[in-house]
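Below sits a lone chain in C-alpha cells, taken as the form predicted alone.
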C-alpha cells in the first residue's frame, strides 16, 4: 500500500494536469545509514509516489557519500535527507528542503513542483522583488519548521519565492526535529524560526512585506 491515498493521487493527477507546463527536476540526497538519516527511505518513497503521478516530474536520488561531488555542487553540507528543485533546463533557483516535508509542509512541495514546471518565477509583488534585488551578496535563509505547524508553510514558501527572485539567495526548509543539533545551534524553541546568514532574523509567520523587509534589512543593515 502506498503512502498517498487513492484520493490524494487522483487530486494531484488532476492538479498537475491543469497546472504543470514543463518538466521539473527533483534531486534527493540520502544515506542508507539509519543512525544518520532515519527518514531518508520514507522521503524517497513519498517523492517516488509523487513522481509516478506525472511523468514530467523527474526524480534523481543520490547517496550523500557516493555522490559527494554532486552534493557539494548543491551545497548540501552532509545533511540528509536533502531535496533540491531544478527547472526543466536544470536551473538552480536556490530552493532546498532539509528533512522530510511532511504534514503541513507537503503542500509547499506541491506548489514548488507547479512553480518549477512553469519556470520558477517568483510569486511576489513587484515592490518586494525590487527590494530583494538590492541583495548583492551570497545569502542563505533557513526556515525551521515542524510538520504540525500550520503557519510554517507560508514562511517556507515566502523564503523560497525570495530565493527565486535573486540568484544570490538560497532558501531552505529545515525540519527542526530531524536536526536537533542544528536547531539547538540557532536556539529554535518556536516555529517558524527564520535564520538569515547564520543569525536569527525573526520568529513567527509574517506577511510578505514584513518578511521581505526583515530579510533585506538583516543582510544589508
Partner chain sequence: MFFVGGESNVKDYYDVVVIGGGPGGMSAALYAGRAGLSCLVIEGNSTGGQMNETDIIENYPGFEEIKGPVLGEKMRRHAEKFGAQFHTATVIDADFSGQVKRVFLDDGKVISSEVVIISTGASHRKLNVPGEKELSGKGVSYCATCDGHFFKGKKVALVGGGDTAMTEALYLANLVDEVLVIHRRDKLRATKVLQDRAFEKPNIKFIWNSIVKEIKGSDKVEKVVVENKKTGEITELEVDGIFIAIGVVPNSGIFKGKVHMDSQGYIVTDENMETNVKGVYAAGDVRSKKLRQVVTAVAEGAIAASHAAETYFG
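Keep in mind it's a predicted model, so treat the numbers as computed, not measured. Positions refer to the first chain, counted from 1.
A second form of this protein, the form predicted in complex with its partner chain, is not displayed here; the remarks below concern that form.
request  = Quick one: find which of 133-141, 108-116, 91-99, 76-84 has residues within 4.5 Å of its partner chain in the predicted bound form by heavy atom distance.
outcome  = Looking at the other structure, the answer is 108-116.
message = Given that its partner chain is not shown alongside this chain, does residue 72 nevertheless sit within 4.5 Å of it in the predicted bound form, heavy atom to heavy atom?
response = Taking the distances in the predicted bound form, the answer for residue 72 is no, it never comes within 4.5 Å of its partner chain.
query = Taking the shortest heavy atom distance, is residue 177 within 4.5 Å of its partner chain in the predicted bound form?
reply = Yes, contact at 4.5 Å.
inquiry  = in the predicted bound form, is there a heavy atom of its partner chain that lies within 4.5 Å of any heavy atom of residue 4, even though the partner is absent here?
reply    = Yes - in the predicted bound form, heavy atoms of residue 4 and its partner chain come within 4.5 Å of each other.
inquiry  = Under a 4.5 Å heavy atom criterion, is residue 21 part of the interface with its partner chain in the predicted bound form?
reply    = Close contact is absent here: in the predicted bound form, residue 21 is far from its partner chain, nothing within 4.5 Å, heavy atoms only.
ask   = Quick one: in the predicted bound form, does every one of 17, 40 and 172 get a heavy atom within 4.5 Å of its partner chain?
value = The answer is no: none of the three residues contacts the partner (heavy atom, 4.5 Å cut-off).
ask   = Heavy atom within 4.5 Å of its partner chain in the predicted bound form: which of 64, 26, 191, 195?
value = Spelling it out, the residue with a heavy atom inside the cut-off is 191.
request  = Taking only heavy atoms into account, state which residues of 199-215 are within 4.5 Å of its partner chain in the predicted bound form, ordered by sequence.
outcome  = Those in contact are 203, 205, 207, 208.
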